[in-house]
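Only one chain is given next, in structure tokens, and it is the form predicted on its own.
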Amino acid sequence: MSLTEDQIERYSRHIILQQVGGKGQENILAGKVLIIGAGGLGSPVAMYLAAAGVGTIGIVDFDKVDLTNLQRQIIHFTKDLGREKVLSAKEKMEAINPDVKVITHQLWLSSANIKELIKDYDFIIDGTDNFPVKFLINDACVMEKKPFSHGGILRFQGQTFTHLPGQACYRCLFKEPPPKDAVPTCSQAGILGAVAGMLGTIQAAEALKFLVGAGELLTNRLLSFDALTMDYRSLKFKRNKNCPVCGDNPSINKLIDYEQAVCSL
């Protein structure tokens, strides 16, 4: 792939970075990233990856835009109320960068479709807001040897890490989804809108670093922050050899569709 004159100008601030350069931008343009969730996390991820020139971006969501989304899901506008989120997101992504091919997947993610969905992508972004799907994404990516970025937000807090094949996974930290009433959702407990942007931007940076091959990814490292105090913490952890999915003798060999345990506050 060779860059056109327009692309050299558009991506000039990338190209002058020693760690990126023309070759790195070419890698970005050839990259394929799947964003699962077109909500609070998926919105900034989608906009930054599209602006950066990621050549193929898939976006997965089954929902439609409602008024409560607009406080944080910045890819959707008031005029999009009632519209499918994936179509709303696609419109904005293509508007900011015609270089990008956006593939929409308007569906409910399940064990029956996730492996087929992720197979053609280089990097997966978990921008979901419920534990059953987070565990499903983790397990499918581990089984299919796909790198992915985990992200979770609630109230004023956020956490993220990046999984690469052979490195620690989500189940190394959390063996199974929490029981009912253990953890509320954002719709129950609330979320400061900007927190979604803070974490989603980190996830987008991880995807770009992966495509370029620059810097250190958040592998074997859980990054968490509290926006109230602006305290950031990085917790190192290792692959658990007894992990039921990525361990030496995995006990989970097929994907599981967990039920969402609703928390009654």
Partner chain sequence: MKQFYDLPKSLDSEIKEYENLVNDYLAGTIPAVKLKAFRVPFGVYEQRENETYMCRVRLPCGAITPEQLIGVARIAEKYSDRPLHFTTRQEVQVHHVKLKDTVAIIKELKALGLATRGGGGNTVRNIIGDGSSLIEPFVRALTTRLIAEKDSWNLPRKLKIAFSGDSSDKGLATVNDLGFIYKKQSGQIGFTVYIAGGLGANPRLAKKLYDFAPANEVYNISRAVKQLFDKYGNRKNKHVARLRFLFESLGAKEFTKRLDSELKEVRQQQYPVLEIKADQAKTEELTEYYLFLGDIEPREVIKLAEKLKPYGDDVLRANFNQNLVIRNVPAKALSARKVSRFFGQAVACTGAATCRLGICLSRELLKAIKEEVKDSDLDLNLKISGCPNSCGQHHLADIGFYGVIKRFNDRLVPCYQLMMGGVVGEGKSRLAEKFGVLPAKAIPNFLVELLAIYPAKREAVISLVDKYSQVPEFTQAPGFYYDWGSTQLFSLADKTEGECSAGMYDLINWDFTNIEQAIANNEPDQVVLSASRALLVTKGLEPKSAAEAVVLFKQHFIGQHLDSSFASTVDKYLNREKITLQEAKELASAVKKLYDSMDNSLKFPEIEKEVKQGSPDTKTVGSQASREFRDFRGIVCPMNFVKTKLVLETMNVNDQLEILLDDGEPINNVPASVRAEGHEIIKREKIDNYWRVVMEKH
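These figures come from a predicted structure and were not determined experimentally. Residue numbers count along the first chain shown, from 1.
The next section is about a form of this same protein that is not shown, the form predicted together with the partner chain.
Heavy atoms of Ile252 never reach within 4.5 Å of the partner chain in the model of the complex, leaving it off the interface. Proximity of Asn242 to the partner chain in the model of the complex: non-hydrogen atoms within 4.5 Å are absent; the residue sits far from the partner. For Gly247, no non-hydrogen atom is located within 4.5 Å of the partner chain in the model of the complex, even though that partner is not displayed. Although the partner is absent from this view, Glu9 contacts the partner chain in the model of the complex, with a non-hydrogen atom inside 4.5 angstroms.
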